[in-house]
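Next comes just one chain, in structure tokens: the form predicted alone.
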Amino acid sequence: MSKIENLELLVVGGGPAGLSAALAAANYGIKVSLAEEREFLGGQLIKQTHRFFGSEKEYAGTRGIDILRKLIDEVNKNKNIEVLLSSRVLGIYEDNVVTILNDHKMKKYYPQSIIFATGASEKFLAFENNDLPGIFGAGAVQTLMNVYGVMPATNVLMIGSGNIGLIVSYQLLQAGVKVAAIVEAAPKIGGYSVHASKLRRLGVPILTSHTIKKAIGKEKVEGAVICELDNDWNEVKDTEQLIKCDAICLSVGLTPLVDLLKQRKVKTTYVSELGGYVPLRDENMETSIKNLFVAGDVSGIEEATAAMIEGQIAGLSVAKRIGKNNKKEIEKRIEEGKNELELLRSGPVGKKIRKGLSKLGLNHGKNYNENFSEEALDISHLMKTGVPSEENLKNKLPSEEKVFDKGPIAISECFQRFPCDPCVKSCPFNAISENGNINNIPYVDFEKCTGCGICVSKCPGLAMFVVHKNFSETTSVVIMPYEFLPRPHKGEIVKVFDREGKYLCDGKVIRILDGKFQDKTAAVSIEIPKRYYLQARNFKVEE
């Protein structure tokens, strides 16, 4: 055993919250040691190939892996941060001594402050044969595909329709894996509707009010039996159906990793809305133990954007506590972080988080704008099926048919309130607006819109299209986002589908924008028979 080494700040966990915490403190002169148990930094960001929602300030429109590169680059350039990779924190004791296993050696540290950003673990689900080979957690599937380039199966049944389940399903399709269906026990989809809609356009069924009963197979998964649930979550008789698949992916939630906090006797309490047992903490992320802070999923399950802001608040709080300068500037930045969190949590999708935080005695909802706490539209059909209702579509399309006669115009198919604004920020003509709040639904001003198509590639939810109804006497052109390989080529004939993934017609590729600006979300112009201009929303390239 080595001697005890004194530290100013120890950050435990090299994911988005831990990296943000380390940078926030180090930028104000605090000497930071960042301990990560794996041999690389990044946490869940390393798997996240999708674009983030939120505002521009919070990396909206940027892919998770690109956010990670920026954070790691900043960490590596910061002389105040020492990165300890392959360093597993094994214990924290009442005298605040921390033991870390590194390179087969046990080392002891005595930090003035600690920030725990240990993240979360996946929940499991009880059903018959749930120990068969071929049953994965969603995190494992993402790791196999996006970190190690391994295809986990050829035909996957996804259990759970939260954002992780929807995103991993989409990534499976990108990897060439069939997704047999997404099964959701709740009566409505758990994740963002834009994620669900793009899967429906790709032909993936989403079965709400359904659950898995058992896995089928002897040596490995060969299928699954699912059934329908009634309003009281009881099985509906004679609704069993066999789904053929060679893997079952469970995405049924996360639970905060609080083991080390409990070892240190940090006060915790069970809050179902935050994923399970969470530490009691104040709005500066400090726990019941002075100088011991938390950030990210360990303090309650939320999106990565919130984790990064919480990390910044925790790091700044430490800098304010033990630093010597810039106290007022740090206080101002802490308040800015809190305001950003309030904005992120203000909409209907933040209701669950607000309720959970109120159980911790935080905010009590008094700072949230109640005008944004409910949906602006009736999206019950959309949240049950992933397909917008006729009323939803009518709300976003031009009220007069003659508007289509002016030329190409952008159509937004984003109907749910959640914090996001890349479509607004990307429009060079200020033709897209959220009426001053990123929790509002974006609307297109058809008078200002030129149909340039920039928004098609910038929307993280792939919910922007451009329609040119009168491209010719008999044809229309629809510009659609496309994130699959192989890319189509100009002049190619492709299969065109509607919002439910049903075949409509053949279409001709007339233009492809797929450069650095589009950042892997190509904007593809497809010429189709005019009668389908309001229905055509996806296409497939024949391999």
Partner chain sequence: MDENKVIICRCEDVTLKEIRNAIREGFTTVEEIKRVTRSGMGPCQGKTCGLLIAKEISQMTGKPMEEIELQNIRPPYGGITFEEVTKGTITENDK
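Numbering follows the first chain given and starts at 1. Since we're looking at a predicted model, the values are computed, not measured.
There is another form of this protein, the form predicted together with the partner chain, and it is not shown here; the text below is about that form.
- Residue in contact with the partner chain in the predicted bound form (any heavy atom within 4.5 Å), chosen from 290, 105, 77, 402: 105.
- This chain appears without its partner; in the predicted bound form, the one residue of 378, 336, 128, 228 with a heavy atom within 4.5 Å of the partner chain is 128.
- Each of 89, 262 and 277 is positioned with at least one heavy atom within 4.5 Å of the partner chain in the predicted bound form.
- Considering the partner chain in the predicted bound form, the lone stretch of 387-395, 268-276, 405-413, 184-192 in range is 268-276 [heavy atom distance within 4.5 Å].
- Though the partner is left out of this view, residue 178 does not reach within 4.5 Å of the partner chain in the predicted bound form, counting heavy atoms only.
- Although the partner is absent here, residue 425 lies well away from the partner chain in the predicted bound form, with no heavy atom inside 4.5 Å.
- At least one heavy atom of residue 123 is located within 4.5 Å of the partner chain in the predicted bound form.
- Residue 284 falls outside the set of residues with a heavy atom inside 4.5 Å of the partner chain in the predicted bound form.
- Of all the residues from 524-543, none has a non-hydrogen atom no more than 4.5 Å from the partner chain in the predicted bound form.
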